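Only one chain is shown below, in structure tokens, and it's the form predicted alone.
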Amino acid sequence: MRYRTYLRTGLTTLVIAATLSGVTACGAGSRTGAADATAVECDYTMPEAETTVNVLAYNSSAIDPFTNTMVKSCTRENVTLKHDPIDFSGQVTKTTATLSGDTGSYDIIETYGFAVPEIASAGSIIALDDYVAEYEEKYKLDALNEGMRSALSYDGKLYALPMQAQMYVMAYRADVFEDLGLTPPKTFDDMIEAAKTIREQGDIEYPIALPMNATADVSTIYQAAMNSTGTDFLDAGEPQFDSEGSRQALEGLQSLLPYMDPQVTTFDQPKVQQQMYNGTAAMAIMFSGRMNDLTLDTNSKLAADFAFAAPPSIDSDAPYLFSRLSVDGWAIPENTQLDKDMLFQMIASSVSEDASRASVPAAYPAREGIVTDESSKYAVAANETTAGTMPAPNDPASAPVTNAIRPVLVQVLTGQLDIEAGMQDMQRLAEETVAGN
């Protein structure tokens, strides 16, 4: 049985790459906002002097609608919002740089729940509670999901205004699954059995695709696997890398590796998308913000064949799904020289009801009642995942611990270090990081 595989090579690849680059530069993250961005009310007090507001946010189909709405709607007379295109790793680097000095290069930054505890505890971003209280009625901020607010809070205070959340969703080839009598897997063992069947009866050598880039994604994948067991990297500040949940996670991920491309530790989410576009993988797990791209026939001739489901659990006894809930929001740096009241109204306008509705299906907005089962092809899967995902931790040491253990994690998953030794090494590194944090 042969399944469709579309490998783009030569001139075609160059044309597609140039097209995507053009879309990113002109539509998603342009200096003036996309021409088709949603226009909303952005009613702040106009400063007398010519003012430029620099916005830092990485480009993705889930983030761009909010960024472009803000840039388009809040640029007025002598106020210009400027947002230059940037990828996620670049955004992370620039966030560190802009928050490190007495003055920064950016006035509004996109951040996420994983980073908030560390930068909030350092005093690098401001608490927003007073602004929320003042402008809650004007911008209907009470409709923002309470769980997402909590994910962007630290020590009882809100430090970023939630715009949207991402959770893991499984995309799979419905045509392949139907032909082979397969159903979306509920456990890692189910994934392996499905992968074996697909490999044996089709021409897809590596049916499973996960973003496991060694510089970032791999630690999120590991944490999602640990979370499925009910364990996290830290528990009340205590590292859990020598726990049974850690062992289960490492063994589970290793069991999937034979069914993934051997270069998986170089694959970020765009590369995983490409595997699905080309038909070289039959099931992939990524953040939900990447799912809408799969439904567009301009990206792949296989678009009509993709279906979506909640990701599996690590095993049938696991209390949670193999997933992470990542909440994105807007923060205001402490070191900005601009009026913070004005900046808050800009970020509040970008998460308004009209802006949130316009972001679907590319995003899963923070505003309640926007995402329904009919709103996108992956809405049912996303809602099921959200309900089955372990709550995110809220510890300032989470980010530095994650960075500290990542090199050892890669060694374990690539077979350079056995699991027991890797667990002990990660535990030691995490304890040292917590002690020095």
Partner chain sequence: MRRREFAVLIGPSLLVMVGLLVLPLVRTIQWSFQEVTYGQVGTFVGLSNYSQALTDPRFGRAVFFTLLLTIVVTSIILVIGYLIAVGVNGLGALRPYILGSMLVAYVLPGVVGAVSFSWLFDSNFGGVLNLAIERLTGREFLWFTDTWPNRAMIIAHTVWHLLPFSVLMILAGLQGVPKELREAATIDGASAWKMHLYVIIPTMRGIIGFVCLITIMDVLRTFDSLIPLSPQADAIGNESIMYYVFDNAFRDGSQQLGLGSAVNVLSILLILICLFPFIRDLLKEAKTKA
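As the structure is a computational prediction, the values presented were derived from the model and not from experiment. Residue numbers count along the first chain shown, from 1.
Keep in mind the form predicted together with its partner chain is missing from the figure; the text below concerns it.
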Inset, instruction - Please determine, with the chain shown alone, which of 96 to 104, 125 to 133, 175 to 183, 345 to 353 has non-hydrogen atoms within 4.5 Å of its partner chain in the predicted bound form. - result: 96 to 104
Legend entry - Site test, V169, S316 and N394 vs its partner chain in the predicted bound form, non-hydrogen atom cutoff 4.5 Å: no
Legend entry - Contact test in the predicted bound form: N213 vs its partner chain, heavy atoms, 4.5 Å: yes
Legend entry - its partner chain contact at T220 in the predicted bound form, heavy atom, 4.5 Å: no
Legend entry - Proximity of R199 to its partner chain in the predicted bound form, heavy atoms at 4.5 Å: no
Inset, instruction - With heavy atoms only and a cut-off of 4.5 Å, decide whether S150 touches its partner chain in the predicted bound form. - result: no
Legend entry - Single option in K271, R357, R247, K140 placed near its partner chain in the predicted bound form, where near means a heavy atom within 4.5 Å: K271
Inset, instruction - Sort through N145, Q275, T336, S326 and report the residue having a heavy atom within 4.5 Å of its partner chain in the predicted bound form. - result: Q275
Inset, instruction - Could you run down 262 to 277 and flag each residue that has a heavy atom within 4.5 Å of its partner chain in the predicted bound form? - result: P262, Q263, T265, T266, F267, K271, Q274, Q275
